[in-house]
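The chain below stands alone and is given as structure tokens, in the form predicted alone.
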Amino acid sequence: MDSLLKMENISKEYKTPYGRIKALRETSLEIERGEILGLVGESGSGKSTLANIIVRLIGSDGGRIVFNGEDITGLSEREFRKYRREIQMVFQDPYSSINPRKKIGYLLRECLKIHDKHLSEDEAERRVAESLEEVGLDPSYASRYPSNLSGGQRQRVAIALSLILRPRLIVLDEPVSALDVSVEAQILNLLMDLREKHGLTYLFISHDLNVVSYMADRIAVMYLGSIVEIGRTEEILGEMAHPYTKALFKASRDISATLSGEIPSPMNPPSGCPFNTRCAYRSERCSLECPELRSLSEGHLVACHYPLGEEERK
């Protein structure tokens, strides 16, 4: 595997007045250079925490991160600065992720000034216009405020802000969940085009398995701070091995279908398999022993004691 990003045994806890929340439990993930890895799971599964650790919005409590062959785990903020331009993020809400008091052109130029201090004004203006055109906006949008734009246009600006620094990796945290369906399709196709044009690598995070299966080369399924299944998209869709993956897919295809039970509190996670309290096929072993990721076929891993389906559980 030619990995651009490798995360090994990442853990994260949050302290609250009511106890400790274990958001990530020694989670490992590897993203290949040039691929789209889809990360899917319900709210509270740890997806955004993992994303925020990658872009250094928060730190991890343990584990190791290697980016482009270099260990970046213990870097100070100053040392990490040269990687910040190479690892960019597009957030879920285009209305809150962009400063509404500044014009679009100003925001784009500021990104350049921070990382390219010696860039000429003419070159900066050219890069701003180029970035807007690449996301399907006329360069005249540089003189507009975010409040003058629709949700889809704002998200295009957010993509331009991440793209203008010419990164290697873009983390997309639910980038279309706040958009109308018609606009969603346009943004997804734009992201695919930009990936092809610039050879970008994406970590695409969503709760919607339908969207992820359309975008991703591989899919990782996350539950309660752990990866429970990962593999090539066609393999996951062809043979969903974990009962949680099957439940997510069913819910994404049938709006009347819901997963049984609620995701347990990360302050008091169940013993054994984290999904055992909601699994229709659980056995006594599932409540006593936490399964490790194991290989079903090349590149297809699952953390389940009985991954081959209902018959093996009987």
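Since we're looking at a predicted model, the values are computed, not measured. Quick note: we count residues from 1 along the sequence shown, nothing fancier.
The form predicted in complex with adenosine-5'-diphosphate exists for this protein as well; it is not shown, and the discussion that follows is about that form.
Participant: May I ask you to state whether T49 is within 4.5 Å of adenosine-5'-diphosphate in the model of the complex, using heavy atom distances?
Facilitator: Although adenosine-5'-diphosphate is absent here, T49 would touch it in the model of the complex, with heavy atoms inside 4.5 Å.
Participant: Indicate whether C290 is a 4.5 Å heavy atom neighbour of adenosine-5'-diphosphate in the model of the complex.
Facilitator: Because no heavy atom of C290 falls inside 4.5 Å of adenosine-5'-diphosphate in the model of the complex, the answer is no.
Participant: Does any part of T245 reach within 4.5 Å of adenosine-5'-diphosphate in the model of the complex? Heavy atoms only, please.
Facilitator: No, T245 sits far enough from adenosine-5'-diphosphate in the model of the complex that none of its heavy atoms falls within 4.5 Å.
Participant: Just checking whether S43 would be counted as a contact of adenosine-5'-diphosphate in the model of the complex - the rule being heavy atoms within 4.5 angstroms.
Facilitator: Contact check for S43: yes, within 4.5 Å of adenosine-5'-diphosphate in the model of the complex.
Participant: Even though the chain is shown alone, can you say which residues of 7-37 have a heavy atom within 4.5 Å of adenosine-5'-diphosphate in the model of the complex?
Facilitator: The stretch 7-37, when checked against adenosine-5'-diphosphate in the model of the complex, contributes Y14, T16, I21, A23 at the 4.5 Å heavy-atom cut-off.
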